[in-house]
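Only one chain is included here, represented as structure tokens and corresponding to the form predicted on its own.
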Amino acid sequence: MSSLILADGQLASDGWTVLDNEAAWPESGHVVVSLARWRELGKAPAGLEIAVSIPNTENVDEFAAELLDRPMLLLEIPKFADGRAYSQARVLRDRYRYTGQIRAVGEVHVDQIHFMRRCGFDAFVLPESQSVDAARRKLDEFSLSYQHAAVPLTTVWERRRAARAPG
């Protein structure tokens, strides 16, 4: 069984149901649909909260505006070494100011969680093979950064500049 961990290190229960493309719509609840199904639908049926799962092969610039009101986007990571979902998350946060939850699903490794969070992911579905405790430690592994990221963090340069400022 996979675990859902949030960017603040808390474990969460997952109240979302993934619908196949051919599945009937439930009358109410929280459902996750594929990008293709969402684009066919165009808007959420009454009584449903809909999140969208996005393959890492998609160019988010082509449809981001259609998804900005969705409460959650799932970015798929099919392979450990594939970083396209990182770019998707960064584009959604920086260029489109997406404020909903961006959830990493697929081959999520604890060694990458800190960097995923820096790109804008704020929830991670850990495969059974990954340790929740290790993931929590990785979220706070680095307290300093040299570059700005989707997660606000004062950079080393800014700290040095502030320390040298007269005052």
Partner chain sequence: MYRYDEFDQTLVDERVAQFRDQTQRFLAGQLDEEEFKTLRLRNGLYLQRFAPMLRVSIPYGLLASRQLRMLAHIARRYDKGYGHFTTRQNIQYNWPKLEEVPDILADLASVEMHAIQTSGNCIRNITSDHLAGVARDELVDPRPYCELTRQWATFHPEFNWLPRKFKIAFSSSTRDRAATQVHDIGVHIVRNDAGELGYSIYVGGGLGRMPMIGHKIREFLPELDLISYLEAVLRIYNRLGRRDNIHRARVKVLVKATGPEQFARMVEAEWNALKDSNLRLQPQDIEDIKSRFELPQYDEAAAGEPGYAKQLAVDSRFASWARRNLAPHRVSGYSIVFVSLKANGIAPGDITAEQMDAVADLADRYSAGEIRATHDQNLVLADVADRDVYAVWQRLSELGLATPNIGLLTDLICCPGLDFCSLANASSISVAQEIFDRFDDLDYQHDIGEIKMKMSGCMNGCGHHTVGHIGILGVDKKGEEWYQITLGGSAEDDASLGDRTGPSVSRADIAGAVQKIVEVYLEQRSDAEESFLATYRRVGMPPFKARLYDSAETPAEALA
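Positions refer to the first chain, counted from 1. Small disclaimer: the values here were computed from a predicted structure and weren't measured.
Missing here is the form predicted in complex with the partner chain; even so, the following discussion is about that form.
The partner chain is not shown here, and in the predicted complex it never comes within 4.5 Å of any heavy atom of Leu126.
In the predicted complex, the partner chain sits within 4.5 Å of a heavy atom belonging to Cys119. Remark: Val91 counts among the residues lining the partner chain in the predicted complex, judged by a heavy atom distance of 4.5 Å or less. In the predicted complex, the partner chain stays beyond 4.5 Å of every heavy atom belonging to Thr99. Partner proximity in the predicted complex, defined as non-hydrogen atoms within 4.5 angstroms of the partner chain, places exactly one of 133-141, 28-36, 42-50, 63-71 at the interface: 133-141. Heavy atoms closer than or equal to 4.5 Å to the partner chain in the predicted complex belong, across 73-87, to the residues Phe80, Ala81, Asp82, Gly83, Arg84, Tyr86, Ser87, ordered by sequence position.
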